[in-house]
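The form predicted on its own is given below as one chain in structure tokens.
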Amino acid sequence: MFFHIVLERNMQLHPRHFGPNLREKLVAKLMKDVEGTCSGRHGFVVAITGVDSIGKGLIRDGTGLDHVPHQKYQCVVFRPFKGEILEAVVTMVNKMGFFAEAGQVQIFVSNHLIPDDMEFQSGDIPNYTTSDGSVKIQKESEVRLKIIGTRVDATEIFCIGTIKDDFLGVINDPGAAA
């Protein structure tokens, strides 16, 4: 799920950036440092939408770096929750199940959480195929899945998903176009 929240960060800036464009350089450094990162508490920072306030800088003794405390900014974050339905792209298939990615979140779907009529097929392109061959899950397939568990670390979020439910499964199969 996506949220729009206000976060705060302390930064250090080299003196060579001091000048008439100081605010723009601080905002650019903030975007470079924060966008695409993950905090276990809030989730993945997708984009910074605005900077609310920038604290007064303090020159640090010995280094000359400017320490800018309390930089408040608004951002969009993505954090998956148990029970949430996501669309993801399959990145790897093996006999244990498959891995898929929804944005930066990696989701594992065990073979026990794949419908019983799908069997693992090894070969050039490992996949899970229905007995009649009408549905195939392979690398680059788009699937709709349900999150049944999450594990949150300080800098990463891992999820377990299932496609063994109504209206879940393959959305788009790249092998069908070939």
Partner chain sequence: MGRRRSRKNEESDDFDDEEDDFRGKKRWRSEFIDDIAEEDGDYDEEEDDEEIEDGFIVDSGAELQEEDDGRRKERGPFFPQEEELEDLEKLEQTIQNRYGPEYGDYDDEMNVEQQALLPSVKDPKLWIVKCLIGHEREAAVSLMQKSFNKGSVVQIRSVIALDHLKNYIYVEADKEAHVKEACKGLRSIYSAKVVQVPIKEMTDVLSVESKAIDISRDSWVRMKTGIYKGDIAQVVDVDNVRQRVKVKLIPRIDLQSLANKLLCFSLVSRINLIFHGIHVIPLMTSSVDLEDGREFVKKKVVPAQRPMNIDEASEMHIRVVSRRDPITGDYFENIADMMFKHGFLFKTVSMRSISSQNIQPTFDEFEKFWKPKDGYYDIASFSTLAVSRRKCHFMKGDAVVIIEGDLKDLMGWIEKVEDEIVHIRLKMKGLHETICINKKSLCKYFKPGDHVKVVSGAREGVTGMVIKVEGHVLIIVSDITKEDIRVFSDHVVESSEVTTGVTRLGDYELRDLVLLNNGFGVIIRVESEAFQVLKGNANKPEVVFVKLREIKRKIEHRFSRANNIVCEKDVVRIVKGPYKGKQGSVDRIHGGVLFIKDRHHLEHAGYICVKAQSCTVIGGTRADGGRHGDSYPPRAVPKILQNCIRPPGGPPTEFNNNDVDGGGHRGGRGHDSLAGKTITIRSGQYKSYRGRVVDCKGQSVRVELESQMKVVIVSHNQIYDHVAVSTPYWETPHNGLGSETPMPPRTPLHPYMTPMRDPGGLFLL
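Keep in mind that what you see is a predicted model, and the values were worked out from it rather than measured. Numbering follows the first chain given and starts at 1.
This next part talks about the form predicted together with its partner chain, which is not shown.
Can all three of L86, F120 and E142 be found with a heavy atom no more than 4.5 Å from its partner chain in the predicted complex? No, none of L86, F120 and E142 comes within 4.5 Å of its partner chain in the predicted complex.
Among P115, P69, G149, G50, which has any heavy atom within 4.5 Å of its partner chain in the predicted complex? Of the listed residues, the single hit is G149.
Within 4.5 Å, heavy atoms only, which of C38, V46, I54, M31 is in contact with its partner chain in the predicted complex? Spelling it out, the residue with a heavy atom inside the cut-off is M31.
If you check in the predicted complex, is S110 within 4.5 Å of its partner chain, heavy atoms only? Heavy-atom contact with its partner chain at 4.5 Å: present for S110.
Is there a heavy atom of F18 lying 4.5 Å or less from a heavy atom of its partner chain in the predicted complex? No, no contact at 4.5 Å.
Is it the case that L65, even though its partner is missing from this view, gets within 4.5 Å of its partner chain in the predicted complex, heavy atoms only? Although its partner chain is absent here, L65 would touch it in the predicted complex, with heavy atoms inside 4.5 Å.
So in the predicted complex, does any heavy atom of N10 sit within 4.5 Å of its partner chain? So N10 does not count as contacting its partner chain.
Go through 88 to 109 residue by residue and record those having a heavy atom within 4.5 Å of its partner chain in the predicted complex; state none if no residue qualifies. Residues within 4.5 Å: T91, M92, N94, M96, F99, E101, Q104, Q106, F108.
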